[in-house]
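Form predicted alone, single chain, as structure tokens, below.
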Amino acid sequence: MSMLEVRNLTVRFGNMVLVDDVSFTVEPGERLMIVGPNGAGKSTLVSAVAQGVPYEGTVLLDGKDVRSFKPAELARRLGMLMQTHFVGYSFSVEEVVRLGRYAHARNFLAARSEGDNEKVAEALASTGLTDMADQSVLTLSGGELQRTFLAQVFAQDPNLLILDEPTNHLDLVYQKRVFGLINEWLGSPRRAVLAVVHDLSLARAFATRVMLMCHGRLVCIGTPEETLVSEKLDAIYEMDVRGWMHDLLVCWQ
């Protein structure tokens, strides 16, 4: 049984079809990365899978329709990191990260467990935020805020991690660290990652499978070697992608 199975998912906004009849699966241990030009429907698709926008079709998590999950049960199984975050409250970094543990509490007033404290401490350490734990999130840069919410998702400890541009606003050292952390996180059984990325090099380096989208439709899905080829990329980006990537590389030689 696939960890995630999406059947004929369609998202409409008025008369516009943002995602058009998309079907795919995600298997345990997999890093499925979605790529495509702006407006391809990538972020809308993963938001629908995470129950963030209304959709037609079916989303199954471990064979069960996601619509039937209670919120806390779904949060224990599925975590999502968005591209951008708005915060209007003066919580500390640690308090925001600790919010990821509420899905595991017996009730809202339940005391913190030692396991919760360990998960929060691990999440802060892995994202390089331990020394900033007491700092207000209102004082953070865009990259620091992104790392804070990544730590929250790690503390949440779901089975399926959905990432929408996980390295958005991050400098190179943290881009490398984030994908290294994701690979480590996948080392535990029954875990998988579904991620939207713009950087084709990241998709080629880290994906086990790649899904190409254009104009809300699934163009193809397969290994990076099968999908990230000039014939397919040039058609959806309407440019010589390989040539452009080569020109960028030459700048460093």
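Residue numbers run from 1 along the displayed sequence. Treat the numbers as computed from the prediction; the structure is a model and nothing was measured.
Another form exists, predicted together with a small molecule; not displayed. Remarks below refer to it.
Only one of 187 to 195, 56 to 64, 201 to 209, 43 to 51 lies within 4.5 Å of the small molecule in the predicted complex by heavy atoms, and it is 43 to 51. Site annotation in the predicted complex: the residue of T130, Q83, N183, S136 reaching within 4.5 Å of the small molecule with a heavy atom is Q83.
Of the listed positions (I236, L18, V241, L9), a single one reaches within 4.5 angstroms of the small molecule by any non-hydrogen atom in the predicted complex, namely L18. The small molecule in the predicted complex is approached by N38, whose closest heavy atom lies within 4.5 angstroms of it.
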